[in-house]
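A lone chain, given as structure tokens: the form predicted alone.
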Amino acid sequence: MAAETPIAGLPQSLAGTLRGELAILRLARPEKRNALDDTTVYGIETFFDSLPATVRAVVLHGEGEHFSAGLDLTELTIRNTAEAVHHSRNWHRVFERFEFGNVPVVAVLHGAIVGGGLELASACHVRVAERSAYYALPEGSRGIYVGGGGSVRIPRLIGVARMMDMMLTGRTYDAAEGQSIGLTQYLVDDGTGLDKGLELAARIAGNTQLTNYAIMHVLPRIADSDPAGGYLMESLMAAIASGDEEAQVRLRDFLEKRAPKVLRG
């Protein structure tokens, strides 16, 4: 196992480390159930802006009993309408910074993934849930509305009707239900999520950087485009990716039987 090197310059509510080609970011505000305040959100931006070029994937997880119980509501009590708009747009900027960033992000979820915590998780590329995880969007009962990009990202995972139900009625999904409706891609036993997240991140780090970039940046845009435009964009990206020098080496290795084959499991 590679040694871990701390990442400096982060607020106390975050802890970052480097482990070989992986970086690990931990929400470190357990006394507040890892509620997200501006200091934490801007610290997330700092973390991604400071990643060295050698990092190929990131694992995001939470300290204590919960991933994140959402927005620290004290952030809203001192804002007028114009300030609240700018606050939301700042969150959009930060979350887009890693959703369409340089490296894929694996989120490891446990306990509460509520409100802004679910918005944060939905901006990641792969989500692993432990069985303790539960999901909620309680904004309706609090007289507020999602502001971290949830209106865009969460319906893409579970559909508009399910998100509307969660916000209108306060419905909560447990880990198994969240898995079945598409909030997560993996469900594991309590206490094993971080190991699974690191395993997946290592697998992701083994891909070519250009292919990972295409999956992160091009695939979502193809899904949002008209079919004709999507087919053209796919053809262009397929040609660019297969022409990459690293890809050519890997293809030769496969054809000459030096690369592993795809197996079940």
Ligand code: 1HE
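Just so you know, these numbers come straight off a predicted model, no measurement behind them. Note that residue numbering follows the sequence shown and begins at 1.
Missing here is the form predicted together with this ligand; even so, the following discussion is about that form.
Contact residue in the model of the complex, from Val103, Met163, Val114, Val126 (heavy atom within 4.5 Å of this ligand): Checking each option against this ligand in the model of the complex, the one that comes within 4.5 Å is Val114.
Exactly one of Val94, Ala107, Ile154, Leu71 has a non-hydrogen atom within 4.5 Å of this ligand in the model of the complex; which residue is it? After the contact test, the surviving option is Leu71.
Just checking whether Gly182 would be counted as a contact of this ligand in the model of the complex - the rule being heavy atoms within 4.5 angstroms. No, Gly182 sits far enough from this ligand in the model of the complex that none of its heavy atoms falls within 4.5 Å.
May I ask you to check whether Ile144 falls inside a 4.5 Å heavy atom distance of this ligand in the model of the complex? Ile144: contacts this ligand in the model of the complex.
Residue-level question: is Gly148 within 4.5 Å of this ligand in the model of the complex, judged on heavy atoms? Answer yes; at least one heavy atom of Gly148 falls within 4.5 Å of this ligand in the model of the complex.
Would you please decide whether Tyr134 lies within 4.5 angstroms of this ligand in the model of the complex, comparing each non-hydrogen atom pair? Flag for Tyr134 set to yes.
Stretch from 45-53, 229-237, 63-71, 201-209 whose residues place a heavy atom within 4.5 Å of this ligand in the model of the complex: Partner-contacting stretch among the options: 63-71.
Between 22-58 and this ligand in the model of the complex, list the residues on our side with a heavy atom within 4.5 Å. The stretch touches the partner through Glu31, Lys32, Arg33, Ala35.
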